[in-house]
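Consider the single chain below, provided in structure tokens and representing the form predicted on its own.
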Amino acid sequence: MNERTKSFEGWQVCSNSALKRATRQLGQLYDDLIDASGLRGTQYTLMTQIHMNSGSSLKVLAESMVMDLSALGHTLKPLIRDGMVELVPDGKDRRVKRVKLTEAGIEKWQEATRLWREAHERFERLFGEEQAKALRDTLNLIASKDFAGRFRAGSDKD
């Protein structure tokens, strides 16, 4: 067995490594199609969360994206700079910042959504609709707070 084969076998047994490899690959494929909009896949995903939950606080948005606040801020910075996203102080607590898409952001999101749909449809055709749904369900479970809490506690009980 050569060194390359040994290295590859490690990917086969580590769920985290396999998941990271797959998400990098799929992310690159989606980025290739979304690129015409001028957005990267991570920006499109973030803008989608903002669009779906307009007016969410930065904290709630970070939690929904499974990101820490500093990573969220780093990802938001170019979107704010380019006038696609704005931070608005909360009406009751001005320390809380709420996130929303601007009109330009909504237009850019709509443009990117058309491209994303093509990527999504390609994935479902190649992978299979049922398998894609099962994969999303599994990944959403893994991304849940409940799963993270049980994993950290070492508990497999519901």
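Throughout, we count residues from 1 along the sequence that is shown. Just so we're clear, the structure is a prediction, and the values are computed from it rather than from any experiment.
We do not show the form predicted in complex with the DNA, though everything after this point is about it.
- A residue is said to contact a partner when one of its heavy atoms sits within 4.5 Å of a partner heavy atom; Pro78 meets this definition for the DNA in the model of the complex.
- In the model of the complex, at least one heavy atom of Lys59 sits within 4.5 Å of a heavy atom of the DNA.
- In the model of the complex, no heavy atom of Leu33 sits within 4.5 Å of the DNA.
- Looking at Thr42, you'd find a heavy atom of it within 4.5 angstroms of the DNA in the model of the complex.
- Among the residues Ala104, Ala132, Val66, Leu126, the one placing a heavy atom within 4.5 Å of the DNA in the model of the complex is Val66.
- The partner is absent here, but in the model of the complex a heavy atom of Gln28, alone among Gln110, Thr48, Ser54, Gln28, sits within 4.5 Å of the DNA.
- Residues are counted as partner-facing when one of their heavy atoms sits within 4.5 Å of the DNA in the model of the complex; in 78-101 these are Pro78, Arg81, Leu87, Lys92, Asp93, Arg94, Arg95, Val96, Lys97, in sequence order.
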